Ligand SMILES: C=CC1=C(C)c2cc3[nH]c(cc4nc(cc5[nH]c(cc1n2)c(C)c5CCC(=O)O)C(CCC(=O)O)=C4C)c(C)c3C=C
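Next up: just one chain, as structure tokens, the form predicted on its own.
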Amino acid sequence: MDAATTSRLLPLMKLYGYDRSCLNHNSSMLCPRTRHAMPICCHSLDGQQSLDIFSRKGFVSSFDSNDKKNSIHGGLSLHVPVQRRNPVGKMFCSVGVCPYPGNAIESPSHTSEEKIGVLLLNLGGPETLHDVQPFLFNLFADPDIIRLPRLFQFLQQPLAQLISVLRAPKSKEGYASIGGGSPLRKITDEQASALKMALEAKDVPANVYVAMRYWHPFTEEAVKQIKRDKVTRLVVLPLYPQYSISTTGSSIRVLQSIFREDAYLSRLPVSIIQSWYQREGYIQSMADLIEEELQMFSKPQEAMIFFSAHGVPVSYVEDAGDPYKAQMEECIHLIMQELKARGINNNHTLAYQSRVGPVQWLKPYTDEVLVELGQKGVKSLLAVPVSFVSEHIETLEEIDMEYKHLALESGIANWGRVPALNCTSSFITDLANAVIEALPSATAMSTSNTSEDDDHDPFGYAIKLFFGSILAFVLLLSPKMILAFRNHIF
């Protein structure tokens, strides 16, 4: 780290409990809570210190858009700083921070006063039944959700329109059953307010913004407000404990595009907390909720702890290197370790919910496992929505209604469900700690542009157009699609 960068970070480091000795020639820093060294990087690659993506100690991405051969999708570089934890999974400095490539540069304000911003990333959800179909279109139009071969990528939006029209009626029924819309925006706004208060209590004033991927307030809306407020240092905090291409990765790709095209934003120092499932505060908060809900059973020790996580297609993990499955399994291991340390030794299992379409998703599937457990004689079951930190359609309708009904029908007599973390004080406090730990490592994004190899290849484009048109023609003539659009239009 050069002298100029060090001098700019010293005021922040002093504020958050660091001192000059925290910085050494190997770019390590000390965690202010434990005073243990936390290496920021491990080995050199093209002049950048980094770790491979497949480290299970955390997952971060770089906005170095030139590093194409080390990317999953959309120019996300697959390098991660090291996170350290002790043998029983307690995090020393579980930041999972993404420092951007290149030297840090002066903040846009050119003043010594910092204006700190925190950007919360979440999925978003339709607030009314009228919003359901356009929300679904935004979801399926995301190339990180439906990953088409490059030959057919220009069909992304027509395909998204088809799927959203076909799925809208059933989805509307689900949202109608939980009150006519998703509570996700309201809860996320409450989490933002609670986080702002927690940071202020730690003498770190910050503006907290909410950026939804598929519904209002969209990422672009939040970024505009960040510019208007003239934020000089930004921490990006996805509200997904585990990293996946389809969640955190998708939101980062959008940020990458927006920041690259804006002179102010491209100079803004940014840190991304990519995954935080290992954090001690998160693990303890989850264990607290599980322990409390177990007491609702007449025989708590007999209840099966059933972790249900949102699924992803198997191809994401096997072909694209998505670390989600590995991180989820480690997360469950850490939670169970914490519970066992409290004398809770219940049996547990993990399954995946919310699969869509004909492709293979991560197994085992939640609905199938519930039936199997009933057949094996399990009578008490506590469902834990482990990949969700807010109540929404997957918890309120899919788990509380569909899966509860299936479980009771399968012979499971006693059903319980752990609530989402929402604004649990210990959880919010730990998020505030994560933000503070991430601040000193913020550096500016790369401004270089990417271009696909065949963007200007007329022959390649003609081939795409020809075969894509044949596929589009077949889709348009399918009876199911004709019926769906006829019903939608008339």
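Start at 1 with the first residue shown and count on from there. From a predicted model like this one, the values you see are computed outputs, not experimental measurements.
If you look for the form predicted together with the ligand, you will not find it shown, but the lines that follow are about it.
Looking at 371-379, 132-140, 265-273, 186-194, the stretch with residues near the ligand in the model of the complex, meaning non-hydrogen atoms within 4.5 angstroms, turns out to be 132-140. Shown without its partner, this chain lists 126, 249, 385, 117 as candidates; in the model of the complex, only 126 has a non-hydrogen atom within 4.5 angstroms of the ligand. The single contact residue among 257, 156, 346, 171, judged by any heavy atom lying within 4.5 Å of the ligand in the model of the complex, is 171.
No member of the trio 218, 253 and 434 reaches the ligand in the model of the complex with any non-hydrogen atom inside 4.5 Å.
Put simply, residue 182 is close to the ligand in the model of the complex: some heavy atom of it is within 4.5 Å. Contact check for residue 307: every heavy atom lies farther than 4.5 Å from the ligand in the model of the complex. For residue 338, no non-hydrogen atom is located within 4.5 Å of the ligand in the model of the complex, even though that partner is not displayed. Contact check for residue 167: a non-hydrogen atom falls within 4.5 Å of the ligand in the model of the complex.
Along 306-324, these residues reach a heavy atom to within 4.5 Å of the ligand in the model of the complex: 310, 311, 312, 313, 316, 324.
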